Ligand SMILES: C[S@@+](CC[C@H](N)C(=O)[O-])C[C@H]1O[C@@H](n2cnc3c(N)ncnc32)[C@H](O)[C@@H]1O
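Below you'll find only one chain, the form predicted alone, shown as structure tokens.
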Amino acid sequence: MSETITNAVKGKYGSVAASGLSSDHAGVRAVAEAFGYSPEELASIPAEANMGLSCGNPTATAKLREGETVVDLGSGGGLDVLLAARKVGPSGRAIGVDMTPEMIDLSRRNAEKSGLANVEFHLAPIDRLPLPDASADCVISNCVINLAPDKAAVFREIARVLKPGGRLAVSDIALKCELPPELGNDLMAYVGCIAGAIPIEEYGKGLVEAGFAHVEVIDGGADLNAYAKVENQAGCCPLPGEPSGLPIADSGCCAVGPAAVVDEALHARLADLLRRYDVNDYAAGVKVFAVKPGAIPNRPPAKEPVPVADAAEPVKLLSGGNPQIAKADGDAPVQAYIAAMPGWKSDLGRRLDEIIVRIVPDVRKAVRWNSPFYGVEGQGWFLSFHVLTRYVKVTFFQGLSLHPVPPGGTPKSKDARWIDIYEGDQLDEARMASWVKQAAALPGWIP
């Protein structure tokens, strides 16, 4: 069965590569923007790199840094590889892996058009990566792992190629509950990124069994009915009786002859299934994060080093060891504060900052009252933390509305609640991430 599935996926996406779908078509561009790509990002790469096959934007959540090596599993036309290449810069590398020859040819043409010298593409299945052990800082993937028959092998390969401390940032489809047999056993539903999905809990468990830590599988709330319709159109055959608004290729699934009749029948069956079942009841577009345990790999310095203070004058520590950092907006003063946090508290500060940025990629940062503040533009601040003598206090300004409610609080604190983290405490990153996600969605505190 796995060989049948693999051949079906290759055939489908080989046809997509030849279909001419691109950001030049309004429908394809709208899909990409709906799943998190900005118009500026799409304009920065060849239009043919985007074919409307995404279910998220992993480059927006991967926190890529200059000089890093990033690997994209199922790289298609090169959309995420080309965007990642700009983020890691000339001293970094962006590597795409895809099992479809037509996609590899297309992605290489797109890379040549982009003029980027730090990209490469390899023809290979994602459960047998042609890469050395411990060679990547980050692995990304966009709606592809659900298509792999042996997902456990994929997870093991990701763990193998990542450096200790390396990270995984994936957009994918996972199940909220069991699919109806008619949908779950359909080959075209598998090719359309539905029937191959595994339960959310199984996804996380599989990563843990492969050796990953800090695993999160988060429902992104995407409308999968819209995605499934686009997947059908992206196969270059519109639904019977429905105009697709997208070009129809003269080869592949739309070729004239018996193959075209068979493929049209497959698409018609999938279309019928999707009309009768609301996929959102069964599946979710998820954001997946995980870290390979071990020392954090050496990272290159930031493009513009954070000006903590004059080299001859270390940051002053106030009462309780809290760093004195002048009021300012942006990431730089927050990083200056974190770097100046004494001892074990600095590492905790970095972990908190990474969790917040991962959950809220466009978070607003500032230092106020000698403390880092995090907020959402137009909504106020949702979180701050502060160094005290024996612990770090993490405050949620609408903590009373979180579930579960953080343990710290007094009658005078009104809606604010907090958690005190001491040296040796095990930070519950999953709960912290959940609190951050909830807090960022609430109206914040405006001084």
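As the structure is a computational prediction, the values presented were derived from the model and not from experiment. Start at 1 and count along the sequence shown; that's the residue number.
What comes next is about the form predicted together with the named molecule, which does not appear here.
Of the stretches 215 to 223, 135 to 143, 367 to 375, 348 to 356, only 135 to 143 has residues with a heavy atom within 4.5 Å of the named molecule in the model of the complex. Contact with the named molecule in the model of the complex, judged by any heavy atom within 4.5 Å, is made by just one of 162, 85, 290, 103: 103. The contact with the named molecule in the model of the complex, taken as any heavy atom within 4.5 Å, belongs to 147 out of 168, 94, 147, 286. The named molecule is not shown here, and in the model of the complex it never comes within 4.5 Å of any heavy atom of residue 107. Heavy atoms of residue 338 never reach within 4.5 Å of the named molecule in the model of the complex, leaving it off the interface. Of the heavy atoms in residue 323, none are within 4.5 Å of the named molecule in the model of the complex. In the model of the complex, the named molecule stays beyond 4.5 Å of every heavy atom belonging to residue 196. Contacts between stretch 66 to 83 and the named molecule, counted in the model of the complex as any heavy atom lying within 4.5 Å, involve 74, 75, 76, 79, 80, listed in sequence order.
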